[in-house]
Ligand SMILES: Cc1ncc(COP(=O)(O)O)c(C=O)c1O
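Okay, here we've got a single chain as structure tokens, the form predicted on its own, with questions on binding and movement later.
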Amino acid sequence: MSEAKQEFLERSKEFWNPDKTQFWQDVGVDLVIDRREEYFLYDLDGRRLIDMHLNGGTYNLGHRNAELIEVLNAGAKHFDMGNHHFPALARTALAEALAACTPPNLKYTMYGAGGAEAIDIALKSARNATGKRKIVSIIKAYHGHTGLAVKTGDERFSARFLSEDTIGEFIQVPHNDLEQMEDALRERDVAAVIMETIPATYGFPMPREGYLPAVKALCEKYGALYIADEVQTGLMRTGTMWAITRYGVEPDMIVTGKGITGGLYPISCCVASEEAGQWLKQDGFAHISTAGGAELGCVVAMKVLEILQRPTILSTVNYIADYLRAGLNEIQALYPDFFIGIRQNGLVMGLEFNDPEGAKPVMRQLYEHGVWAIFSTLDPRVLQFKPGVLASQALCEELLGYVEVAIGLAQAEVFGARQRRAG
């Protein structure tokens, strides 16, 4: 590590986030991101990394995508953040575009500055529409860190700030368990079920056949709304604009963020049905977000949607998904006792390892060999593996070579440690 980087990390611990900065050093990741382009990150010391984390899908189209930068620069000659109180050209244009590319029952777009704020808007909208307070989510869920969103997730994120649910308004049930889902809904006192279509921070466990349509049917039976959190799984990552439609579900609200502006100007969106968004006719000032739907962000988001709906994108996503899966299958065959599973829907992938924290040594070995991918916080057996929708075959081929080496070294490390403990 260079002296300049070491000095910077000390400043980071002093003025930014002591624990997070130290954590990455402790696990052998001394990354300080400097230059970035396409699907590459460059460390402050000049090392190049293939980005397979994409900041949760934020860089779905790559870092500093040239088309998006051009639109942002052109937009800045006319727009700024705008004024949240008044009708706005860019804000309304994006809302129209989202209505056109979401399920036909969805109409209104409500804006936030980040994904968690849009989740809060969705939860508040559900409570207003139904007159009920209870919210059902999945055990080990993650929907962000703001006031209501954090209550729907794992206690890892709520307990620290004394934000746990203490009065029984936020209920959690196991993923893929329809019996317990119905038990949570049968009293007809639930405003909404909120689910990531494929739970990301939980390691991308895949919904069982028929599970999500059955949850939607239960919501309709017991008078609850269905909120699809598509912040990480939307925007063509599964080969459809929204993963939820691939499962045949028409939700009452879809939440999107992260990749909606390609990492250039943060906004988030909750797209809602007439029923779910009825507060917009009752009192349009009921939720206010100064940076929500910033007009510059809306201009960029319009371009993101246009790119993702080009005819070539679907074939590219399917080709990349199939190419990487074939390569990963070959690697798994080399290390079947350690690399035990591949969870996949399109470019949404989780690599499962036979150790309670097996993804951590894989992450570290990948980092050493020029790839950045991260373990799943709520299930560190699983490595989040997130190729971008514009990735090339050459990049995927290079990537698979590093993955094979890294998994082999990680297996030797983990199994060697087991033998030492046993011996």
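Throughout, we count residues from 1 along the sequence that is shown. The model shown is predicted, which means the values in this text are computed figures rather than measured ones.
Keep in mind that the form predicted in complex with this ligand is missing from the display, and what follows is about it.
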Quick one: from G203, G346, G114, G277, grab the residue that has a heavy atom within 4.5 Å of this ligand in the predicted bound form. G114
Exactly one of A122, V231, L94, A243 has a non-hydrogen atom within 4.5 Å of this ligand in the predicted bound form; which residue is it? V231
Contact segment among 185-193, 223-231, 289-297, 103-111, judged by heavy atoms lying within 4.5 Å of this ligand in the predicted bound form: 223-231
Contact between H143 and this ligand in the predicted bound form at 4.5 Å, heavy atoms? yes
Partner proximity in the predicted bound form: K258 to this ligand, non-hydrogen atom cutoff 4.5 Å: yes
